[in-house]
Structure formats: structure tokens, C-alpha cells
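For reference, the chain that follows is the form predicted alone, supplied as C-alpha cells.
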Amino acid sequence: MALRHAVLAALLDEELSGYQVTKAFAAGVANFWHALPQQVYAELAKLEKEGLVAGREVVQEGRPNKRVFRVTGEGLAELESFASAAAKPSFLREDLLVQVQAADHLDAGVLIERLTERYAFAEAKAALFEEQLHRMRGGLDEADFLLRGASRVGPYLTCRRGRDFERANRDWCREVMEVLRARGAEGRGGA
């Protein structure tokens, strides 16, 4: 996937300014695609030059004017072409996994500290996703929303994937910490 497809997907529902697109990334898209604000702005300029988005200036009183963008028919065709191609599997590249890989040769206490930090981060992020999912559903339970919800289901499903990913990270950190603690206790008690 290229950044262009993530930006096009973020613009599907409404016209957004570059600032609003970066906020949309932070709120939802960031669980599957990370981009810095300057990357988003540069991509919007490229997409506009290629005719995949159309921009227009909005005059604002007391503030600088802003540009808002919307997906064009060509942009939607680009997304359809992207969606029809086989998805490439993603690969996990993470420092913490390298650290755990080397656990037998590292200070377990320091590694448990890193795992505790990641656990807390994953727990907090999963909770944020859960709040976002709750807002997206309105008053509906998940099953009703998925079948009959008035809003688009795609953003909900990707947000749910983000929540489940963070829950899996949290659970894995907990399990690894338990193993390291048990091995440490066994090593001290078994000597």
C-alpha cells in the first residue's frame, strides 16, 4: 500500500483540509498506516497534480484561507484498482521483539520494564480504540451496527482491527513477563 491510497481512503466521506486529513490519520488510519503531517501534505499536492483529488480554497474570516480536498472519479478508480489487487502481507519489525529474542543474554529486569511500558501503551491504545468504536456505533450494539449501521462499516472494521492488535500486544507482553519472572524464580530456586 502506498500513502496515496491511505490519503484517498481518508477523503472518501467528505472534503477535508490537509490539517483535517492529518487528524484523521491520527484518529483512525494510524492503526494501519503511519505518516508524518508533512508527508500527508506532500501526498495531497501530488494527488491533486495527478487529478486524483480536487482542491479548492476556502476563505476564512480572521484566519488564513485553507484548501480542502475531495476524491475525484479518477481517485476513486485508483482506489478500486488498488482494492482489486492482491494484498501483500505485512511484516512485523519491532525493537521489542529483538530484545525478547535476546532475552537469555539480557537483564530480565530491564526487559520486564520495557514490556511493562509496552503493556501500558497497548492497554491505553486499545481503550482509545474501544471508545472510538463505541462512538461510531452510536446506540447500537456491535452486531446491529455491523448489519444495519447508517455509517460506513470500513472505518469501523479497521478501528476494530487496531483494537484487537493492541489487545494482542498487551496479552503477549503479559505472557512474556510471566515467563521471564517464572524463569527467574526457577533459576533462583533451582540452584
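Since the model is a prediction, treat every value here as computed from it, not as a measurement. Heads up: residue numbers just count along the shown sequence, starting at 1.
Below, we refer to the form predicted together with the DNA, which is not included among the displayed structures.
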Query raised in the report: in the model of the complex, which of 98-106, 71-79, 85-93, 111-119 comes within 4.5 Å of the DNA (heavy atoms)?
Result: 85-93
Query raised in the report: Does residue 181 reach the DNA in the model of the complex, with heavy atoms at most 4.5 Å apart?
Result: no
Query raised in the report: Using heavy atoms and a 4.5 Å limit, would one call residue 39 a contact residue for the DNA in the model of the complex?
Result: yes
Query raised in the report: Hey, in the model of the complex, does residue 139 get a heavy atom within 4.5 angstroms of the DNA?
Result: no
Requested in this report: Examine residue 19 and determine whether its closest non-hydrogen atom to the DNA in the model of the complex is within 4.5 angstroms.
Outcome: yes
Requested in this report: Consider the chain as shown here, without its partner, and state which of 152, 49, 63, 134 has a heavy atom within 4.5 Å of the DNA in the model of the complex.
Outcome: 63
Query raised in the report: Are all three of 127, 161 and 174 close to the DNA in the model of the complex, meaning a heavy atom of each within 4.5 Å?
Result: no
